[in-house]
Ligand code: PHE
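Listed next as structure tokens is one chain, alone, in the form predicted alone.
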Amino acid sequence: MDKDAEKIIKEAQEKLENATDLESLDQIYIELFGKNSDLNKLTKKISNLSKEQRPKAGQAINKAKKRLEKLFEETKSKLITYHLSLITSVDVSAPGKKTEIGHLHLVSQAIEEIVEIFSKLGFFLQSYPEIDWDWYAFESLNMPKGHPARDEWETFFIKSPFHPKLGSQVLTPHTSNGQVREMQRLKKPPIRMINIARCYRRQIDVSHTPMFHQFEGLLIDKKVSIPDLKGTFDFFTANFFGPNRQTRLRPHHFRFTEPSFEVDITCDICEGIGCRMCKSGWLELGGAGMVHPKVLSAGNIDPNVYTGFAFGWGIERTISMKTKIPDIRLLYQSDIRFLEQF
């Protein structure tokens, strides 16, 4: 065992003497102390020796290991000293490199701006789960069990115990799960809520990502009408996009609003002509409508006394309409050359 240890030390000395830089030294370290090193293989042989021989063999291997460690550190110190000696001079008058200051991601910037705009109208920011029960995400929003949105090809379901009333758990496909939760929290109107959270759907293309941020607005009070909804959108559009962009309400169908609308805005990339992003000159800003009476009832709000409107849209898509980003997937590629532009 002593002879084997001496042989390992001698071979290590030769390797260390031939090392010319720290990179090659790192490789030698793995060869000397790694899992497949000769020293490690020698250590494994101790179990094959008799009880009387094992202590002496262990001492020899420990001694050899300490010797190798000392040789390695000495070689490393010499190489560092040598490379430092090659630096002949330093220009102390040269300006130093300034610390680069970062900034918020474009999505975070948009969230702050959206919250600020709606806070002027009296809306308050709330936060609700991104993993929620089926009842809040679908059932309470007047979506029956056979609705296409509840298919596994559309929604990400979570493996969790089944709740007899609330059902399964899902990654929220929209922020509308916060509507009934907000009604239950406040119990009585007026309600002016905004809910911003990550949402998840099985979609990916230039205008969709599997994970995206959505903005939800909910207003419930007495005598709330469609003109109130339109006026709210006009106020937001003028403050966020500027006075030159146009919007329209297009009749649509949503289970949780009646009547329902798609809210479109003229494309900022082609200015309404039609392009790869928008196809027709208009881009869907989001869905909206008057809160369905069944949704109000699910939140214990009397639909005979109160009315309200709700709206929601993807923040990434909203950003693309303002900054001429042709593919929202660029927001999540972590390319510093792209992100530094904003």
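Throughout, we count residues from 1 along the sequence that is shown. In this text, all values refer to a predicted model and were calculated from it rather than measured experimentally.
Absent from the display: the form predicted in complex with phenylalanine (PHE). The rest refers to it.
Pro303 within 4.5 Å of phenylalanine (PHE) in the model of the complex, heavy atoms: No, Pro303 stays farther than 4.5 Å from phenylalanine (PHE) in the model of the complex.
Gly312 near phenylalanine (PHE) in the model of the complex, any heavy atom under 4.5 Å? Yes, Gly312 lies within 4.5 Å of phenylalanine (PHE) in the model of the complex.
Please run the contact check for Glu216 against phenylalanine (PHE) in the model of the complex: heavy atoms, 4.5 angstroms, yes or no? Within the cut-off, so yes.
Does any heavy atom of Arg201 come within 4.5 Å of a heavy atom of phenylalanine (PHE) in the model of the complex? Yes, Arg201 sits close enough to phenylalanine (PHE) in the model of the complex that at least one of its heavy atoms falls within 4.5 Å.
Heavy atom contact within 4.5 Å of phenylalanine (PHE) in the model of the complex, the stretch among 287-295, 24-32, 63-71, 37-45: Result for this chain: 287-295.
Out of Thr155, Ser140, Gln169, Thr257, which one falls within 4.5 Å of phenylalanine (PHE) in the model of the complex, going by heavy atoms? So the residue touching phenylalanine (PHE) in the model of the complex, by this definition, is Thr257.
Partner contacts for 178-193, taking phenylalanine (PHE) in the model of the complex and a 4.5 Å heavy atom cut-off: Counting only heavy atoms within 4.5 Å of phenylalanine (PHE) in the model of the complex, the single contacting residue of 178-193 is Gln179.
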